[in-house]
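To begin, one chain is listed below as structure tokens, in the form predicted on its own.
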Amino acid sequence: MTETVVIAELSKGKISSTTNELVTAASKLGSNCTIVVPCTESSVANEASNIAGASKVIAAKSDVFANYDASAWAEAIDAVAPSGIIITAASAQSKDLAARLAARRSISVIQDVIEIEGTTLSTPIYSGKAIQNVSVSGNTAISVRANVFAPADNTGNCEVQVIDTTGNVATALKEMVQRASQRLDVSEANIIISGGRGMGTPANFSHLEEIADKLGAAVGASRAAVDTWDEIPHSMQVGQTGKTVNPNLYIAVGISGAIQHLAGMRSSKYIVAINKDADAPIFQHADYGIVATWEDALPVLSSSLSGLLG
């Protein structure tokens, strides 16, 4: 199954219909399409979740998207977008972005595509006097002309994953709690908050316990934390060689997201990740990701919960 990654085209702060055309183009190249929406407000991405053919939407929330800066945009999108064939519009800005993403990922770039037949892409050359056919294999960055492919309709329904790198922890946590409450049935609420080696020392797990007490949650740990510190018992370990869990809400703090850990918690109904490394694999599986240190995030989360829960 070929992975395709559509970089959403926005117009006046909203998802442009060109994005629907890009999803149609993506369907010709693969059957698993992720839409990445560069935004300063994650609510912008909700509209993309209705595009038929999209299997996932990532709201890449960052202050850098307020104004176009080629290098900053490419770096921010590269950090959150999964690997695969990247598809952008063929606007001047998006063609620039496609080229920069291709350079960052060391993949080929094909600009101004007007037709896709299997693995053969057609692009105009010599000011449109001739058509060039290019055969592709493997991951490639592609820009697609507008008004060439029929737009996908808006009858779809997929989940929106938010990865927040704004640094505004208070706002991010408020939105996280709001989104989680919309997804979870409180009558069945069961919650786990887990810490990894990124917590720094075992003594810092007391901050997780404080939040767990407020939420009525259990405290877990990654294998790296259990292996590093004797004070963190194996009974807390979540993962392939620990416990397999399936809570309504799983909060991972300072956990990179190694395969071993993901095997034990990836079926959780709503996953929140807090990590200072925007490239941490855990963000590829989180419903809401916050790029921040635990020192910045946990006190704000604790305070927010005190106000929310009284």
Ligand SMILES: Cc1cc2nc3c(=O)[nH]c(=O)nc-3n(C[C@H](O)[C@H](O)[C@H](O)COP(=O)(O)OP(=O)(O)OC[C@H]3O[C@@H](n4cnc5c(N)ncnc54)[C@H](O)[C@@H]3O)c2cc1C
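For clarity, a rigid core is taken as the largest C-alpha set superposing within 1.5 Å between two forms. Please read these numbers as outputs of a predicted model, since none were measured by experiment. Residue numbers here begin at 1 and follow the sequence given.
The same protein also exists as the form predicted together with the named molecule; that form is not shown, yet it is the one meant from here on.
For the residues Asn154, Ser91, Gln240, Ser122, the 4.5 Å heavy atom test against the named molecule in the predicted complex is passed only by Gln240. Checking Lys276, His285, Lys28, Lys269 for any heavy atom within 4.5 Å of the named molecule in the predicted complex turns up a single hit: Lys276. Within 4.5 Å of the named molecule in the predicted complex, a heavy atom is found for none of Cys33, Thr40 and Ile58.
Stretch 221-229 is the contacting one of 221-229, 175-183, 76-84, 126-134, since its residues have non-hydrogen atoms within 4.5 Å of the named molecule in the predicted complex.
Heavy atoms of Arg197 reach within 4.5 Å of the named molecule in the predicted complex, making it an interface residue. In the predicted complex, none of the heavy atoms of Ser302 sits within 4.5 Å of a heavy atom of the named molecule.
In the predicted complex, the named molecule lies within 4.5 Å of some heavy atom of Thr293. Interface residue remark: Gly53 is not counted as part of the site for the named molecule in the predicted complex, having no heavy atom within 4.5 Å. Taking a 4.5 Å heavy atom cutoff to the named molecule in the predicted complex, the contacting residues in 251-289 are Gly254, Ile255, Ser256, Gly257, Ala258, Gln260, His261, Ile274, Asn275, Lys276, Asp277, Ala280. Once the rigid core is used as the reference frame, the Cα position of Gly200 differs between the shown form and the other one by 2 Å or more. A movement of the C-alpha atom of Val64 falling short of 2 angstroms is seen between the shown form and the other one when the two forms are aligned on their rigid core.
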